[in-house]
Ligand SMILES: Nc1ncnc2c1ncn2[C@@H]1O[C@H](COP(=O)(O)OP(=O)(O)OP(=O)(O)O)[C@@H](O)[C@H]1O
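Take a look at this single chain, the form predicted alone, given in structure tokens.
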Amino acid sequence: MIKVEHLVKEFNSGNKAFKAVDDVSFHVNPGEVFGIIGLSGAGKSTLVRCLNRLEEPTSGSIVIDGVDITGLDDKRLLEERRDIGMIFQSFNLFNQRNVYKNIAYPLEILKKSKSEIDSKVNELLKFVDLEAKKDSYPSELSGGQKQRVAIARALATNPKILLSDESTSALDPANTEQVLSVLRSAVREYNMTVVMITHQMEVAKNICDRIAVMENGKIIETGTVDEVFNNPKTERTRTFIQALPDEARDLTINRADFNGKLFRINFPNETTRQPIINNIAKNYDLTVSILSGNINYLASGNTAGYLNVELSGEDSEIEKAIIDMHNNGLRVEEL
């Protein structure tokens, strides 16, 4: 569906060139929700704007359904863009148009008939659950409602691809979940492929099939949600995971308050129900104290669990217990 190879986007500042996107390559499969996560300034928004050439790439290729859009003239590019919808953090609605007319706008540009427009707009109003708001104006809507209007407008031309640039960043948790629910439904009902830009790992874990982590203009890690959560390869990715709301409390653990050794044990999906801690206490001469833990439920339907524990005993016994856990598919990190 999407294949990006060696993409570079440079900005010139005085005599210096800054690479906001630095030799990035990745692919997105049809029907997939592909997340690109990174801190502000990582280059992710510039990257997604290159995918429909709102930003002109400096070099590299962007192939969508077999067409390299980097080589298209303006007329062909406009045609290809009809298959690429986009939603933004700031909603970008027309304040002087009501909900109905905001959704109708791209169909009016395509000179669709009034009956076609009416049929499609009413279909989308029902899809995003805003039929009662069709005559309301953006100033009368909540943030979540505005974003659902923006999604409906992006879907009006039946695009194959939806680009989402921090579309939930300005929303509270309840509205975020509503928007994610609409996006999940769009993937199923409209055969959409979604590229989602976010700095929120909470969002990525709830909707994405695969994730790419960006830092300093480069993709530093890519994998399925399960792979990234259960076996993060970079410190940046671990930081994102540990910043999740249900995990942030663990950052207050002070090593000096404990006599034993502290470990974080990560449980991949197939191990979350195994009596690992019970087996350690039974098979080794160790005292095990559970300090905190949680199970994250991922978009794939799988889980990624963790426990922070204190192991007290001889170093040799601790080492044997850790080897045993590794052999059982667990990842163990000393805190």
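Residue numbers here begin at 1 and follow the sequence given. What you see is a predicted model, and the numbers here were worked out from it, not measured in a lab.
Missing here is the form predicted together with the named molecule; even so, the following discussion is about that form.
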Heavy atom contact within 4.5 Å of the named molecule in the predicted bound form, the stretch among 39-47, 273-281, 286-294, 302-310: 39-47
In the predicted bound form, the residue from Glu202, Asp209, Glu166, Glu221 that sits within 4.5 Å of the named molecule by heavy atoms: Glu166
4.5 angstroms heavy atom contact with the named molecule in the predicted bound form for Ile322: no
Proximity of Ile318 to the named molecule in the predicted bound form, heavy atoms at 4.5 Å: no
Partner contacts for 5-26, taking the named molecule in the predicted bound form and a 4.5 Å heavy atom cut-off: Phe11, Phe18, Ala20
